[in-house]
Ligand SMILES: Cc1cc2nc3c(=O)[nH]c(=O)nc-3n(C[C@H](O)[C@H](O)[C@H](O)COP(=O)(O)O)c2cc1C
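Quick setup: one chain, the form predicted alone, written in structure tokens, and binding and motion questions come after.
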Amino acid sequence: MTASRKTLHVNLFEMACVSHIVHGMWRAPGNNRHRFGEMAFWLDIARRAESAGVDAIFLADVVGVYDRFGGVEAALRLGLQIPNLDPLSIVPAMAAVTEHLGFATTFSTTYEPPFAFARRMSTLDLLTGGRTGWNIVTSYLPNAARNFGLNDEVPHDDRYTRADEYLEVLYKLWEGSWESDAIVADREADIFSDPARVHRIHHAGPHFRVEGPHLVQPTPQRTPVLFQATGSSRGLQTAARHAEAIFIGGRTRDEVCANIASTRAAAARQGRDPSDLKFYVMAGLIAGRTEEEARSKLARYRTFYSVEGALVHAQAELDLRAYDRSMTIAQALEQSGSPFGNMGRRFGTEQTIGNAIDQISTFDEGRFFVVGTPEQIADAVESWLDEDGIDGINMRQYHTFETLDDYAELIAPELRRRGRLPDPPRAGETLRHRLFGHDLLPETHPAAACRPAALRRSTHGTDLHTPSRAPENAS
């Protein structure tokens, strides 16, 4: 019997808008993106995703407008992530027509209080039977800050310090406020919840004061599966402490491997088991029954792609189209007087303007982009799993629903034939169990310190209802 092979976890990368990351494609014949405001659209995509066998629909979100390049007018004209619906609000409808599909939603720790979010997320986890995940973000758009009453963005590192405390509050609510046997539902005694097993959290920190108790009983996962991207040293600290599924990148295999290794090492320094982490990348898969068919599909997609949309989304400091193609990014930034920023980080200052424009306009996303037959795509995926060391992908959609249908009909069967997809989900399986083999966060995760048993040990039996234990702020 052959040894088991590493399997790929797949999220369908979505956003409740017309133009998410493949800008201009909503205009393509047969594309359903313009229907994102219809309930039927989300029911359809959920059913297709579950039938395709993906683990989850991963919903991106922003709470502001991309208005640096071209102003708000460009974003509105292109439909670039505006209009944009609340991702948490569409999950219940999709959950109602599926049994196993997970839902990972993006929510920011910067602008809304943790108590309200804890309640909304617990409600979703309860109603979906534990099929939820949370993509932790701190929000980076200046317009987002102004939407919530601030004059400008909260400084980058301060956002992550705030996020650490935000997560501490959530763990106290999700993991510690209700004991697992607090619901007794004793009709004869007229007791639904045992008050002795429900606790106030009495959190008092630099950013938040929350008394508790949590308003929702224990859910199948208690804490949703925690996703986070890393892109800075400060962000890495927070991800290494909290995240279970981490989005990483890299232009080469060596860079990807190095990023994974450094993140695991950072998690170990936080006292976590580094093997508890899974690593995801955003990937583009364009399939055809023949290579010629796949290349023809790519050419068709490219005719609709908007370079302007890509520049708006990148919050570009300069219009690459206005410069000589032979100039480097560094030279263009110097000539324009713009600081090193988004363009430099995305493309590298040594790359030429021409190469950068070609990369944008041809969908070339580097290592995790493949066009070809199911066999060719499976070959690439196997190299990502075995050589780069990734565990999963966020699969970008070029054409809704063609991309998802191609995955279901062409790519997934080949990956399954090679033993590269997980076994079908079991009845009642939570998203965390699907990904990690257990329902709750492990004891090595910092959330475990907020559980009643851990608090009892640390306080030597002090009544958890009293605020005698000063909160230990993660920040």
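Treat the numbers as computed from the prediction; the structure is a model and nothing was measured. For every residue, the number given is its place in the sequence shown, counted from 1.
The form predicted together with the ligand is left out here; the points below concern that form.
Using a 4.5 angstroms threshold between heavy atoms, Ser232 counts as touching the ligand in the predicted bound form.
Using a 4.5 angstroms limit between non-hydrogen atoms, Glu429 is distant from the ligand in the predicted bound form. By the criterion of a heavy atom within 4.5 Å, Asn259 is excluded from the residues contacting the ligand in the predicted bound form. Using a 4.5 angstroms limit between non-hydrogen atoms, Phe208 is distant from the ligand in the predicted bound form.
Note on the partner interface in the predicted bound form: the residue among Ala412, Ala60, Ala448, Leu440 having a heavy atom within 4.5 angstroms of the ligand is Ala60.
In summary, among the residues Thr128, Asn394, Ser122, Gln397, the only one with a non-hydrogen atom within 4.5 Å of the ligand in the predicted bound form is Asn394.
Of the candidate stretches 222-230, 112-120, 316-324, 376-384, only 222-230 has residues whose heavy atoms lie within 4.5 Å of the ligand in the predicted bound form. Although the ligand is not shown here, in the predicted bound form the stretch 106-122 places heavy atoms of just one residue, Thr106, within 4.5 Å of it.
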